[in-house]
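Read the single chain below, which is given as structure tokens and is the form predicted alone.
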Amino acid sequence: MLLKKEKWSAFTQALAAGRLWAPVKQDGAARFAPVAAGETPDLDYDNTTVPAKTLVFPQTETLYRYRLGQTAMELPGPGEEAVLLGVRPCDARAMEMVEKLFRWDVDDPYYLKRRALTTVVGLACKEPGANCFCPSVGGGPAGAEGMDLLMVDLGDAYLLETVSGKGEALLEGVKDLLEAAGPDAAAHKEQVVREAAGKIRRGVDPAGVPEGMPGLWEHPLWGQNAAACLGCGTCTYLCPTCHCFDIQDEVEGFDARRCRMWDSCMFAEYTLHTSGHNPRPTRRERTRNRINHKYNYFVQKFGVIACVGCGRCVNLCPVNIDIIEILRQAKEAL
């Protein structure tokens, strides 16, 4: 189906009748945030600074509330359906990967409930970023993995392709705004995707890296790349596949809550034992763990590299540590 851009405002207003999240600029950074009725989201960006995972895996969330001295727990409500609009293929694919972790040894009801209530409307890339390398890790500018509906910008209109039943239901609700795609739409889409893929200039072949990582355990490349690291955690907080979290109790008077918040394996406290021992005492060990987790441990457990090539960790690292360069060094060492 086609959505003419002249009907974009009406389309987004129809979606905003429920909970609609889309990219917005806040304090100079692009992130997904609720869109109020009357607002028209602007999708003119290559990717958000903060990944789309924030809707299904919030940076801080309440698991339950309780009162000291009582056994009753107040659990979160049933939740609301939401539409996540304008998700890039890398971020949608990352949600699919992270879901594997939250279904691993036990189903995580918080993540999975939000995932089930969320309809992901993806947007194919026309202008990939300077450090995008999604084809290297199995993605692409118009990949539909993890989406319910894919939008492809054809110039004067968006081509809408359903991927799941949730996507079909969404289109059914706005069918009066759509029109049938002509016979040339598919060819136009292929041209857009081909041109976008041709603009991706960086990449690395990860073949052999997951199997070879254990042999590089004591290689100097880890210390060399960690030498400039500040331990700020930007590379993990803004990574769409990173999922580490901490759980804490917060108490005010007799009222308390147990909450979950993002954590980072790049923080020294992450592996600090109560005894004072830390098995990852320096940034060398923590850098080694971050790369091994994505390109070895996750592969062993779930059969897929836990990196979608979005380039955020390269774009936003304050000291220009480059995961593509680290992988290139690993390939050479192997």
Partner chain sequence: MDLEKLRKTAAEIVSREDVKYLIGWRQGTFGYRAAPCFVEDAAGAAELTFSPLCSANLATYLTLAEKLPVPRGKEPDSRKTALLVKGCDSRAVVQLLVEKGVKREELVIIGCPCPGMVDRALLAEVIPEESAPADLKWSGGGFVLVKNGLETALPRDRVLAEQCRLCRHPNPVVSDILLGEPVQPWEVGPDGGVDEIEAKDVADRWDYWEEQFSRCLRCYACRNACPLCYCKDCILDRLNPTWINRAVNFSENTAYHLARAFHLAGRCIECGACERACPAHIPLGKLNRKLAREVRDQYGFEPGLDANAEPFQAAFKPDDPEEFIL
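Positions refer to the first chain, counted from 1. Quick caveat: nothing in here was measured; it's all calculated off a predicted structure. Throughout, rigid core stands for the largest set of C-alpha atoms superposing within 1.5 Å between the two forms.
Keep in mind that the form predicted in complex with the partner chain is missing from the display, and what follows is about it.
Judged by heavy atoms within 4.5 Å of the partner chain in the predicted complex, the contact stretch among the candidates 83 to 91, 211 to 219, 259 to 267, 161 to 169 is 259 to 267. Though the partner chain is absent from this view, in the predicted complex it lies within 4.5 Å of a heavy atom of just one residue from C134, A196, L150, C229, which is C229.
In the predicted complex, none of the heavy atoms of G303 sits within 4.5 Å of a heavy atom of the partner chain.
At a distance threshold of 4.5 angstroms between non-hydrogen atoms, Q191 is out of contact with the partner chain in the predicted complex. Contact check for E96: no non-hydrogen atom falls within 4.5 Å of the partner chain in the predicted complex. In the predicted complex, at least one heavy atom of G233 sits within 4.5 Å of a heavy atom of the partner chain. Taking the partner chain as positioned in the predicted complex, the residues of 51 to 70 that bring a heavy atom within 4.5 Å of it are, in sequence order, Q59, T60.
Core-superposed comparison between this form and the one not shown: the CA of R19 stays below a 2 Å shift. After superposition on the rigid core, the Cα of A29 moves by 2 Å or more between this form and the one not shown. By 3 Å or more, the C-alpha separation between G28 and A197 shrinks in the predicted complex relative to the form shown here. A change of 3 Å or more separates the two forms for K126 and G28: their C-alpha atoms lie closer together in the predicted complex.
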